[in-house]
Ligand SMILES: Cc1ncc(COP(=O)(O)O)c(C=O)c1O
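One chain comes next, on its own, written out as structure tokens in the form predicted alone.
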């Protein structure tokens, strides 16, 4: 069967992350002569904490009720149920002091699908998209899928010599210079960041927004880790479409509520963008999942009313801060490599002083410890790896053991 030229091109240039994860499959681990049960992975971009018990109970209630289960099998509107959009707006305002309204929300299958549809709704096939370097490794492939001939330009936010993120003033100046040269249609970045868990400063994000507003460009922030900031939250977390019409936020249940496999996402944006997204979504998923919306609405209402939502988020945040601290301590004690101190999220970046891809393969084969090579996130990480403590948040003792193994191997 003949495949499309696009897919043939993408098969020929696979994601380095996916290649490493394939290498770390159970079958391949056995072929390496390793015990899969003894492998310690810092590769997973997923959370290991449990979902809110109250949310689980809402699913039990739906499945256990014949009529509710019947309703959950029906279509929802393309934008999502009205009460679900209203509840999501209420949650955003409750947690971050925003002024989001129901009409500013569209619910989708996931943040991945919504990002794809955003590209289609906002940009033309030959437009330029600005990403950061490093940034989430899935963006370039998504852009290629949605906008086949689009150009990607990258703003280097990490100084790969000092292994530190640049300060707001330097980033702002370099952004303005790159923007003027490239004139992107969309500026897209996560905060907290994947792969670095850094939170971008207010002054830098305000500069991005002001330039985007003056030039009718969309500033899109991927808020996958928004509830997992370890320190004070930046002021732009509370911006709303009424105040900042050129800002768009992408959200999901994946990280904060451990809903990685219960796929549900939403976008917060101005009404004209939501209208455009509705048309794009009609051609992609038609409508979001009804059961997930029903459970989420019921959970949000009760969890805000009894205060358990904020309590759950705070406890989860503490758990990830503890895991982050354990990771940094282990790196410093056993390896002494340059690393970033996480400001939220699930990750840190470590500089290994050699090609990250070769380092990852060699370490996995000889220690049974898996890292993710950095170059899939951008050229600044050629000599670095991404480390995720997310999957081990409820099993922190494993974090130290992995670095101890690597240190023993490298000393040889």
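Only a predicted model underlies this, so the values are computations on that prediction, with no experimental measurement involved. Positions refer to the first chain, counted from 1.
Below, we refer to the form predicted together with the named molecule, which is not included among the displayed structures.
Q: In the predicted bound form, which of the stretches 72 to 80, 219 to 227, 284 to 292, 165 to 173 has residues with heavy atoms within 4.5 Å of the named molecule?
A: Result of the contact check: 219 to 227.
Q: Pick from 342, 190, 249, 134: which residue has any heavy atom within 4.5 angstroms of the named molecule in the predicted bound form?
A: Checking each option against the named molecule in the predicted bound form, the one that comes within 4.5 Å is 190.
Q: Would you mind picking the one in 153, 235, 93, 112 that has a heavy atom within 4.5 Å of the named molecule in the predicted bound form?
A: Selected residue: 112.
Q: Does any part of residue 42 reach within 4.5 Å of the named molecule in the predicted bound form? Heavy atoms only, please.
A: Residue 42: no, not in contact with the named molecule in the predicted bound form.
Q: Report whether the minimum heavy atom distance between residue 263 and the named molecule in the predicted bound form is within 4.5 Å.
A: Although the named molecule is absent here, residue 263 would touch it in the predicted bound form, with heavy atoms inside 4.5 Å.
Q: Answer for residue 254 alone: is it within 4.5 Å of the named molecule in the predicted bound form, judged on heavy atom distances?
A: Yes, residue 254 sits close enough to the named molecule in the predicted bound form that at least one of its heavy atoms falls within 4.5 Å.
Q: Does the 4.5 Å heavy atom contact test between residue 198 and the named molecule in the predicted bound form come out positive?
A: Residue-level check for residue 198: no, no contact with the named molecule.
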